[in-house]
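Alright, here's a single protein chain in two forms, structure 1 and structure 2, each given by itself as structure tokens.
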Structure 1
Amino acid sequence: MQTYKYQNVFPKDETIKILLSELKVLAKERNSGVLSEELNRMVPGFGSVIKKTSRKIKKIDIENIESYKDFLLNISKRWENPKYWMTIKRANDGFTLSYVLSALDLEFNIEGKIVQKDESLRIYLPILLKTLYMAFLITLITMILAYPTSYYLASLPKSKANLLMIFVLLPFWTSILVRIVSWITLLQQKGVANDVMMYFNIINQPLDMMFNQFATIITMTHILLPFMVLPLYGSMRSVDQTYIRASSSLGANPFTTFFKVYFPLTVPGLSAGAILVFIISVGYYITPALVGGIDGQMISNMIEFHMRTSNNWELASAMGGILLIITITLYWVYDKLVGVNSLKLG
């Protein structure tokens, strides 16, 4: 097989003979299924060709076959495609790039060059971009919600703030599953939110709020909100009030005081929260799996799918590696722009 080049289109008889006799041994030991699954991962559809061929060859004496080429083509026309032969050749190498390429919707073509996959098979790159987009959106929403909340908490006397803090911490300590299921109860077709809005004639048809991207974003925002509130609250508490007073007494209006003095002092807390929320949501798995439907799935759900359902661990680890590299790169960019030393978790 090593000597095979795609220009020859069909391999020599000796090559086919070796392949067939090896297949025969595998078929007798009932191991051909393992090979076919392996090859099927590299080229979808190859598995059934191998299975069919090995089932046929099991009953036939190889020496009696007149034309190997006709024999193979009789079993499946697909043997004519040099892609399959190239795959067998490539499967010989111990080290392969094809899974990493697969995770980026790329593949080797028959000439061994890296090309984009067929349009209908490109799924991983879009879902990776969607994951980053959703993580960014969730980070933004938690920022908008957490900033005024933390500001209010920080402006209260300590005893009162501690009491109110319980409302932030209580959900934080509640099981994630419980929180997700409560959102399902609220948002489903015949759920509380739809029923109330129908009752007050705000809508005439139940809205689709569950099992989609909307559900994923709203539920994850709720779950990750404390990760934003806590560092923000910490940094706001430690803002020295004399700066604010000094700014006002020097003639700054409230806006200027806020943007020039107060806000910059809370940036370490804000960025710490943002990094926490973003990194956690990029790899989040359970929420999209339960409420995301198809549209709200994230990259981690695909990794889980390949780990547990399709058993394509090679592809799963390639996808995990890419996700790790992206996260580290973003962290590095953050370090360059803002500086990790300024992080403050309260």
Structure 2
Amino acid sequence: MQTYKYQNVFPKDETIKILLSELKVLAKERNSGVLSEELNRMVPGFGSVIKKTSRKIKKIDIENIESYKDFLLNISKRWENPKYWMTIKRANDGFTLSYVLSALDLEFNIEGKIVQKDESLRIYLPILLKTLYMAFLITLITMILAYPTSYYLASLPKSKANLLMIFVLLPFWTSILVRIVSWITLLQQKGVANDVMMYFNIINQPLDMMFNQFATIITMTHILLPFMVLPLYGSMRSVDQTYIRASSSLGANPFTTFFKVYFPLTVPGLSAGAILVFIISVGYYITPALVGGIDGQMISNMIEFHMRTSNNWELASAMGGILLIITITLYWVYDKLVGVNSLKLG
């Protein structure tokens, strides 16, 4: 198969004979299903062709076949498609990029060039982009919520701040499943949130707030908020107040003092929290699985599907590897723009 060229449609008769012989052995050992499953992952529909051919060849003497091409075409006209032969050729290689390309909705065309799949067949790239978008949105919302909270805590005497910090740390003492179930209770159609809004005539009918992106984002924001508050609080606590007083005494108004003196000093804590929340969000699994429905699924749910349901571990590994590369790349960009040495986790 290494010398096969798609322009010829069929490989040499000797190659087809070897293929039929191997299929016959696999059929007798009842292992043809393994091959058909593997090839079907690379080209949908190829598995049925392999199974059909294996059943047919099992009872036939290969030496008595006059024309191997006609024999294959009598079984299935799909053998006339060079795409199937190219797939066998690529599957014969010890190293393949097929799964990595599939994880990005790319594929080899008949000429061996990498091309994008048909729009109707694209699955993984939209989910990957949606995962990055949701992780970015969750990071942004936690930053908006955590900054004033941390600022308030940092402005309090330490004894009071430590007391209020219990409410920030409280989620860590509660099972994540309990927190998720609580949000399901709050957001479902007959939940507390809808009942309250209907009682005050804010809405006329219950809103659909569960099993979608909204539910995933709001639940994950609540779960990951402490990861943003803690480094921010530590960073704000370490701000030298003499800088603030010096800025004010030099004539700067509170707005200028905040944006030119205070905020830059808290950037290390803010960036540390942003990295933590974003990286955790990208790989989150349990929350999207329970409250996300179809719309709120993330890339980790697809990895889990291929690990446990479809048994396509190769594709799951490729998707996990791409996720890891994206995370390392973002970390590298952060290091170049901000600097890892400026990270403060508390």
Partner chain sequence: MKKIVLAASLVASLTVSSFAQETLTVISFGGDYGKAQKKHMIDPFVKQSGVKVFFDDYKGGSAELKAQVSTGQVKWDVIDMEYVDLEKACNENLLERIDPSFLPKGDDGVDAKDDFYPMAINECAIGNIFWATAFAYNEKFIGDVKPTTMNDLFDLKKFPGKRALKKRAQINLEWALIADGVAAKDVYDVLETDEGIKRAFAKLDTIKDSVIWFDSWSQAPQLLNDGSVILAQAANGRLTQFTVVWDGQAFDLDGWAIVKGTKNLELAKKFIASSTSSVPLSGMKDVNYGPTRKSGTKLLTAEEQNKLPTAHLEEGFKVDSGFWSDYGTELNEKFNAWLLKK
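Residues are numbered by position in structure 1's sequence, first residue being 1. On a predicted model such as this, the values are computed, not experimentally measured, just so you know. Rigid core (definition): largest C-alpha set, two forms, superposition within 1.5 Å.
J.: Where's the form predicted together with the partner chain, in 1 or in 2?
T.: Looking at both, the form predicted together with the partner chain is number 1.
J.: Once the core is aligned, does Arg237 move its Cα by at least 2 Å between structure 1 and structure 2?
T.: Shift of 2 Å or more: no.
J.: For Met86, state whether the C-alpha moves by 2 Å or more between structure 1 and structure 2 after rigid core superposition.
T.: For Met86, whose C-alpha is compared between structure 1 and structure 2 after core superposition, the shift is 2 Å or more.
J.: Taking 2 Å as the cut-off, check whether the CA of Ile110 shifts that much or more between structure 1 and structure 2 after a rigid core fit.
T.: Ile110: C-alpha displaced by 2 Å or more between structure 1 and structure 2.
J.: If the core is used for the superposition, what shift in Å does the C-alpha of Lys56 show between structure 1 and structure 2?
T.: Lys56 C-alpha displacement between structure 1 and structure 2, core-aligned: 4.3 Å.
J.: Quick one: CA shift at Val25 between structure 1 and structure 2, core fit, Å?
T.: Residue shift at the C-alpha: 3.3 Å.
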